[in-house]
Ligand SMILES: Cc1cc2nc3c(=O)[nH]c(=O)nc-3n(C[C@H](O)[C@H](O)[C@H](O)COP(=O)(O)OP(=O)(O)OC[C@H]3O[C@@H](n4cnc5c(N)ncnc54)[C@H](O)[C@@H]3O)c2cc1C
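Encoded as structure tokens, the following chain is the form predicted alone, with no partner shown.
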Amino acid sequence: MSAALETLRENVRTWLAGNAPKDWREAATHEAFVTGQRQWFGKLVAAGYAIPHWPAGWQGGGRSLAEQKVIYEELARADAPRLLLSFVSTYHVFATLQECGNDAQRARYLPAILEGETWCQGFSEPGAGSDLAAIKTRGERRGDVYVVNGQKLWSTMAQYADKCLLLVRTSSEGAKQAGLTYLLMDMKAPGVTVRPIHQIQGDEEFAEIFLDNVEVPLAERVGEEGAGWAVAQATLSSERGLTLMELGYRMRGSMGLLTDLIRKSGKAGDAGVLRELGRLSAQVDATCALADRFLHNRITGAEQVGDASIVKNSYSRTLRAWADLGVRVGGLLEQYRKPITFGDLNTGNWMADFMNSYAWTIAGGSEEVQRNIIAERMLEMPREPKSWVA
């Protein structure tokens, strides 16, 4: 590692030692969690460590791939809170506006994100989760606004969001993908109702969004009318690949939770458990390497269709294996219901982590959808039949 990277690592480590919250896992309420997330994001922005993947000119942006790795590694090593509340804002919104937005949208929304404006994503619907092209929420153009009616589902942290990346159907003519339009919606607009979804592990990370004659100005459309499918690919590419670099390093940093558990459970001499730990460790390293390669290809313009899907599937499978090993090694004691830990995936609350890990095989496109993308668009295999006949 170069002297410059060593200096950066030392600076980040020193700063985290004095600033990273220590008691965030004990946040007893969602309100405490949200307050803590906003304070932590503000600190990271001020220090220049919140958006290393943004271009130069933004505070802390313009970092090289090696520098980003150092920052993510140190955040994981310090067990600092993951920025769940700002996740969509700093990754998905940025990637979408950077690739497909106009100058006015970038000038209006990107600085607001750094000041704490929170975004959610309104893509999935009842009956149209993994099959994104099947969405039915309608956007009808009336004068200088789109009037939107419908329902969105599985929207992360929507109950706390100020704005929403919204995909709507503006036409039913031709191919399903051709009738979609991409909008930027104000979550405080009349007609927007949000209901949190209570999940199996006790959290309320997701929410439903009901839209009743919601007006979205034409100026808040990203790309042309009917071009929403292409714009959504920029958002999904970020969700399936770019964000997983940070998550991969956090999982690697959490391997210590597993080794501690193995030691405390008296299974440090169990050859079978150690074999599984070794296999998992290699799996985690491979996932981090895939995420590194994805980001490198993206930066250099060498990204191919399917690259992000490979990273997504590798991460979701490894996360499930990580939590599964923890539950089995921890035995009955680790299966007792405990208070949940908001905003993280590798908490060491093994049963909660195990149940939460299944969400990642669906979020951002199911594992089966990713396999189809890899098979059909990367390997050029025959397309999946539309229906099976016995």
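Fair warning: this is a prediction, and the values are worked out from it, not measured in the lab. Numbers for residues come from their place in the sequence shown, where the first is 1.
Here the subject shifts to the form predicted in complex with this ligand, a form of this protein not shown in this document.
Using a 4.5 angstroms heavy atom cutoff to this ligand in the model of the complex, all of 124, 206 and 359 count as contacting. Scanning 287, 96, 86, 155 against this ligand in the model of the complex with a 4.5 Å heavy atom cut-off leaves one residue, 155. Comment: this ligand is not present in this chain, but in the model of the complex one of 363, 47, 321, 32 has a heavy atom within 4.5 Å of it, namely 363.
Using a 4.5 angstroms threshold between heavy atoms, residue 11 stays clear of this ligand in the model of the complex. At a distance threshold of 4.5 angstroms between non-hydrogen atoms, residue 19 is out of contact with this ligand in the model of the complex. Using a 4.5 Å cutoff between non-hydrogen atoms, residue 23 does not count as a contact of this ligand in the model of the complex. Although the partner is absent here, residue 283 lies well away from this ligand in the model of the complex, with no heavy atom inside 4.5 Å. From the list 146-154, 297-305, 103-111, 77-85, the contact stretch for this ligand in the model of the complex under a 4.5 Å heavy atom rule is 146-154.
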